[in-house]
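Just one chain follows, in the form predicted on its own, and it is written as C-alpha cells.
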Amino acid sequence: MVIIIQLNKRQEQILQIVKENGPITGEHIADRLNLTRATLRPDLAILTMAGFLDARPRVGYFYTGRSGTQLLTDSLNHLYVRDHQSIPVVVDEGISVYDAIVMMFLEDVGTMFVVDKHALLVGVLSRKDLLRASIGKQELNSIPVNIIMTRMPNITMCSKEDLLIDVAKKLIDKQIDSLPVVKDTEKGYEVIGRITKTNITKAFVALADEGY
C-alpha cells in the first residue's frame, strides 16, 4: 500500500522557491508569487505540518529534503500495535471442536487463541482448522481443540510495542489473518490482545485521512 501526499500547484511552487532560496521568509515567498502573506499562510501551514518545510522564527522557511515517500515512512514508523489492537477471543484447550465452531460463529472472528489452565497461550485455532476437522464423520463434541490447533512454537506472535508495519509484514509472510498480542511472563505468554488485517487497514486508512 503506497500513499502519496498530493500537493496543489501553488504548494509545489512554494517548495521550489524554498529549495532554491531557503532560508526564506514568508513575505519573500509571497513577493515571488505576487500574492499576499495572508493568502499563502494556509499553504505554508500545510507544508510545515506535513514535514516538507521547517520554520524558524526570525529566520524563515527551510526545505527538509524529505519526499512524500519518506514522510509516509516516518508516519508508519510511529504506528504501534498498542494503539490499534483489539480484544482477543480466547478459548480453553479442553473445549470441543463443536463448541469452538459455535463460539467462532457467535464472535464473528477468523482466529481464536487457545490457552491452558494457567491462561497461557498454547495454540491458535483458525477457520481452516475447524473446517478440516468438520470434514468426515467425526463426532465433533468429543474432539478437543488441542488436537487440531496450531501449537507452540509454531505460532507467530507480536508485542504491544511492535510497529504496525512489521506486524503487517508478518501477516503477509505467513499468509494469516491475525496475530496474538502477547505479554512475556516467567511461565509463558499471556494473550493481551489481537491484531488483524482489519486493524491494520483501519490504521492505514486513518493515516491517509490525516493527509499522508
Ligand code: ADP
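All values reported here derive from a predicted model rather than from experimental measurement. Start at 1 and count along the sequence shown; that's the residue number.
In what follows, reference is made to the form predicted in complex with this ligand, a form of this protein that is not presented.
- Residue contact with this ligand in the predicted bound form: N146 places no heavy atom within 4.5 Å of it.
- Although the partner is absent here, Q85 lies well away from this ligand in the predicted bound form, with no heavy atom inside 4.5 Å.
- This ligand in the predicted bound form is approached by I176, whose closest heavy atom lies within 4.5 angstroms of it.
- Contact check for N154: a non-hydrogen atom falls within 4.5 Å of this ligand in the predicted bound form.
- From the list 177-185, 27-35, 48-56, 160-168, the contact stretch for this ligand in the predicted bound form under a 4.5 Å heavy atom rule is 177-185.
- Shown without its partner, this chain lists I101, V124, V91, L79 as candidates; in the predicted bound form, only V124 has a non-hydrogen atom within 4.5 angstroms of this ligand.
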